[in-house]
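Taking the form predicted alone, here's one chain by itself in structure tokens.
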Amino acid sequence: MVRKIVYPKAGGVETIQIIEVQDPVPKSTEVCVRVHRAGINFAELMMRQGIYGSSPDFPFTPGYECSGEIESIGSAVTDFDIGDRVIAMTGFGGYAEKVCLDYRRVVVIPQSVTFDQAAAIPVTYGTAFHMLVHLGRFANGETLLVHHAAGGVGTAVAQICQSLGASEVIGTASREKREFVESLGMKFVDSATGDFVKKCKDLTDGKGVHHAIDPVGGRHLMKSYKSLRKGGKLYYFGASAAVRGNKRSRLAEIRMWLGMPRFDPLRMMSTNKAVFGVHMGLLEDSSIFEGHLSSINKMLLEGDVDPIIDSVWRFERVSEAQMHIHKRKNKGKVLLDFSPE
């Protein structure tokens, strides 16, 4: 028997359950991974509240990503061996002691990469790399604005764009995270009181930044758009404005949706600005993501990036771990520990 975390219904962290099930058995084209670490992503908090559009029907086991060791292999799989240390892009189901998935969603990691580092890579670094490199063609000397700069994606963005030669990285976060954000080489803006549009203009001779990354949404998104220079690119990949604490807030959702901008293609054409919507979980071409992971692994081995781990919680404390994120306390990635005790 193995244990896994389940969202039985929409609600706060108090609804989370840990259940026992039979050991999963891989199908012919699957591998079974003994999970050591699973990453927690803000999207999984939204799923629990019932406000994330692409999540399965309740009940289900969340978990986009995990790291661990291959325990068993399907009859048609020839590319892996039992005991291989891997990253697994589960999509769902990663919050478990064991998970079976298609072998094409698994990547071997070298011995020099820890399970902590590996579990922190797929969603945060994959999203950051997809936005900056694949979509944005980020170039040496360019400038960038990133919101939630102290979070998992924010810290990944800072490391990747600096490795690519960014001239300025402006990060917004809460006041108590200023020292941490600045330690990553970013120019800090208080997310509660600061004028990030003005900061972007001031640091770029009035032109604005080349790239802006916004996981907030609502009226905030248009301000990020206004932070761009002509020819700039805006990336939108979240909706944190719709979340106000542990419980679902209908008012916050309504305010976010009412505040969402309606971009005018004619005006966009006149400024050559671009807006990208990004959802790595719905990326249909898996080869693109595989290429991203290969490039990120190379950057990791060469020391260009190093995932910042905020904390690791035993999976039995998943409710506390998620509340840690709800309270905006994390600085970097939060992980769940499923390793054998």
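The numbering used is simple: start at 1 and walk along the sequence shown. Values in this document were obtained by computation on a predicted structure and should not be read as measured data.
Below: the form predicted together with a small molecule, not depicted.
Within 4.5 Å of the small molecule in the model of the complex, a heavy atom is found for every one of K177, G238 and V243. You can rule out all but one of 143 to 151, 104 to 112, 161 to 169, 227 to 235: in the model of the complex, only 143 to 151 has residues with a heavy atom within 4.5 Å of the small molecule. A heavy atom within 4.5 Å of the small molecule in the model of the complex is found for one listed residue only; from V275, I308, A43, M299, this is A43. Only one of A96, A118, L132, V123 comes within 4.5 Å of the small molecule in the model of the complex through a heavy atom, and that residue is V123. Using a 4.5 Å cutoff between non-hydrogen atoms, R317 does not count as a contact of the small molecule in the model of the complex. Though the partner is left out of this view, A173 does reach within 4.5 Å of the small molecule in the model of the complex, counting heavy atoms only. For G208, no non-hydrogen atom is located within 4.5 Å of the small molecule in the model of the complex, even though that partner is not displayed. Using a 4.5 angstroms threshold between heavy atoms, V13 stays clear of the small molecule in the model of the complex.
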